[in-house]
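A lone chain, given as C-alpha cells: the form predicted on its own.
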Amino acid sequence: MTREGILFIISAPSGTGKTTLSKELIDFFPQLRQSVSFTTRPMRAGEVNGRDYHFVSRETFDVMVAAGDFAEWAEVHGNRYGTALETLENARRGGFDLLLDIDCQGAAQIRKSYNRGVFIFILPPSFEELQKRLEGRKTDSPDVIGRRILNARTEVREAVWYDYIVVNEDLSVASANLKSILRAEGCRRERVLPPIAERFGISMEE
C-alpha cells in the first residue's frame, strides 16, 4: 500500500538553524530524501554529480528553462540553480518524501508552478537572538551580518503564506515539532485513503 510521496519545502532566514534541522529530519525519516538541484557552477573537490548537485552547462540549463522543466530557478553570483519538475514528480510517483531547503522566492515559485507541497517556515526567537547566532558562527564580517539581518526582516514577512511556522528557540523542541508535522502530513486522509480504499472497501466519497 504505497501512498504518493510528499514534498516538504523549508525556508528560513540565514542563521536560524534550517540546515541543522533539515539534516536531523533526513537522518530520522528513512523515506525522506534531500532534493538535488541542478546548477551551472563548477563542481568542487569532494562533490559528486547527482548527489550534491546535477552539474550541467549553462547551455543545457537555458534549454531546460526554455522548456519549462524547472519548478523554480534563480541566478546567484553568476551561477544558476534550479529544482526540476521531474525530480518532484519522480518522488511523488515513487512514494518517497522529498525535502527541499530553499529561500522564500524559490518556495513561492514552486507554490505557483507545481501547486503541491507542504510549506514550512522556521523563525528565530527574535532578531536580537538571530544576530547573536550569526556573530557566534564567526564566519561573516559585521557588514555581511548586517545584510543578513536586513534580509531576515524582509523574509519573515513571507511566513504568512506558509502552512506551518516553527520557532527555533530550542533546537530539540523545534526538531520535535518538525517531526510531528511530517508525521501528521503522512497520515492525512487524502494521502492514506487512495492506496487502501480498494483493499478495505472504503468509499472515497464523504
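Each form is matched to the other, and the largest set of C-alpha atoms that superpose within 1.5 Å is called the rigid core. The model shown is predicted, which means the values in this text are computed figures rather than measured ones. Each residue number is its position in the shown sequence, starting from 1.
There is another form of this protein, the form predicted together with adenosine-5'-diphosphate, and it is not shown here; the text below is about that form.
Remark: Glu129 counts among the residues lining adenosine-5'-diphosphate in the predicted complex, judged by a heavy atom distance of 4.5 Å or less. Although the partner is absent from this view, Arg111 stays clear of adenosine-5'-diphosphate in the predicted complex, with no non-hydrogen atom inside 4.5 angstroms.
Shown alone here, Arg51 lies farther than 4.5 Å from adenosine-5'-diphosphate in the predicted complex, counting heavy atoms only. Interface residue remark: Ile26 is not counted as part of the site for adenosine-5'-diphosphate in the predicted complex, having no heavy atom within 4.5 Å. Note on the partner interface in the predicted complex: the residue among Leu171, Met43, Val65, Ile165 having a heavy atom within 4.5 angstroms of adenosine-5'-diphosphate is Leu171. The candidate site formed by Lys18, Arg133 and Arg137 is fully in contact with adenosine-5'-diphosphate in the predicted complex, as each residue has a non-hydrogen atom within 4.5 angstroms of it. The rigid-core alignment places the CA of His77 2 Å or more apart between the shown form and the other one.
In the core-superposed comparison between the shown form and the other one, the C-alpha atom of Arg157 has shifted by less than 2 angstroms.
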